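The chain below stands alone and is given in structure tokens; this is the form predicted on its own.
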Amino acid sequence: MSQPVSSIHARFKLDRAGFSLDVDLDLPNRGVTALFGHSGSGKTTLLRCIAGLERAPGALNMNGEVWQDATTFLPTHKRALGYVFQEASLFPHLSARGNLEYGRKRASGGMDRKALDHIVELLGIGPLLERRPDQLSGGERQRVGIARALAVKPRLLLMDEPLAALDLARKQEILPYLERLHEELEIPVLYVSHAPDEVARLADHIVVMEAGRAVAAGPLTETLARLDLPIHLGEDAGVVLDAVVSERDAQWQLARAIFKDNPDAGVWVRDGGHAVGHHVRVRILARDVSLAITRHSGTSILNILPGVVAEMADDTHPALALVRVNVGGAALVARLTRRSAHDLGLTPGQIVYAQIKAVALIG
């Protein structure tokens, strides 16, 4: 069967001592796809197979162009891709500008100067161009490394835990730049991470890896709301919802974000300075959602949303349960004790009130 030219099809099967990789994936050709899972789940191995850095039996079709099949194997330098490693690996004897020029000249049809200037602006590295790598912070080096990967004008950008080597301050420094790239780039990005906060902020699509296999794949908002995944996020379990800022309350420094899937529902959050109409994401952790079968008054909780119990599942600890609640077209996940679920008599189809104690505004 021929593959659609509007997607990336990757199929690999690799067996070696102590590890196996067995995946068959159709990935979108736009936006950020996160390869997510714990250490050793196969994320980086899959990325290296896609890059041609590791040779594994299988096939790779990039928007209709065969990079690998039973008779073809394009070496890495002939694959129109950029690769960002955990460490920037810049040439120490070249300035930041020299590193970018090396990337631009490495590939025929590399990025023209005007387009590269735009990337430099997006990543905020203009003031750094005359410095050498040893004069840059870790976050600055990584931003230059990302620009160099983009300078070859790739059709696919691969990022292997690009923030893993940075401390928290440098990580928070670089994330806004990655968000700007996310909004601007027209090429697909495969982003390896084991950090739920990075995935929540950057990804549109997620592939959950476990023991060398893709145990789930799909749009981020839908996949995080599933309760049947064999990988557990622990305290980070929850959902990410697309939203739009609908109003701002200057007196109390709050903003209301309405859900794109259900404009009649929304949440109040701390005002992040976004204009009305600005698209944002809200992240709601399961630990911050409690359920009631009647609506309470006289409470400090601002966000109380009516919904319907859609599904219930055991959590990692036998005392706990996860409950998915549909709020119009949006889905929330609540974590509560099994005793509480029993006392409330929760069953699928039951009307409940989701009390949201905290909401993180992203973007």
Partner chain sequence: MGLNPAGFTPADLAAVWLTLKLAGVTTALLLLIGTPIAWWLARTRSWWKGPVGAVVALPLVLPPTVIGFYLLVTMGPNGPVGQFTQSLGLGVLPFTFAGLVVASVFYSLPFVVQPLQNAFEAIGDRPLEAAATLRASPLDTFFSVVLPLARPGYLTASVLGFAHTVGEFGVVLMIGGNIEGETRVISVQIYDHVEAMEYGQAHWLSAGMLAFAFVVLLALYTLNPSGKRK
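Since the structure is predicted, the reported quantities are computational estimates derived from the model, not experimental observations. Residue numbers count along the first chain shown, from 1.
The protein also exists as the form predicted in complex with its partner chain; that form is not presented, and the subsequent description refers to it.
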* **Residue (of 27, 53, 302, 308) lying close to its partner chain in the predicted complex, criterion heavy atoms within 4.5 Å** => 53
* To do: Please pick, from 202, 125, 81, 220, the one residue with any non-hydrogen atom lying within 4.5 angstroms of its partner chain in the predicted complex.
  => 81
* **Every residue of 97, 130 and 181 near its partner chain in the predicted complex, heavy atom within 4.5 Å** => no
* Out of the stretches listed (280-288, 147-155, 265-273, 171-179), which one is close to its partner chain in the predicted complex, meaning heavy atoms within 4.5 Å? -> 147-155
* Find out whether any non-hydrogen atom of residue 76 is located within 4.5 angstroms of its partner chain in the predicted complex, and reply yes or no. => yes
* Would residue 87 count as a contact of its partner chain in the predicted complex, using a 4.5 angstroms cut-off between non-hydrogen atoms? -> yes
* To do: Answer with yes or no whether residue 48 is in contact with its partner chain in the predicted complex, where contact means some heavy atom within 4.5 Å.
  => yes
* Is residue 113 a contact residue for its partner chain in the predicted complex, using a 4.5 Å heavy atom cut-off? -> no
* To do: Give, in sequence order, every residue of 85-103 that has a heavy atom within 4.5 Å of its partner chain in the predicted complex, or say none if there are no such residues.
  => 85, 87, 89, 91, 92, 93, 102, 103
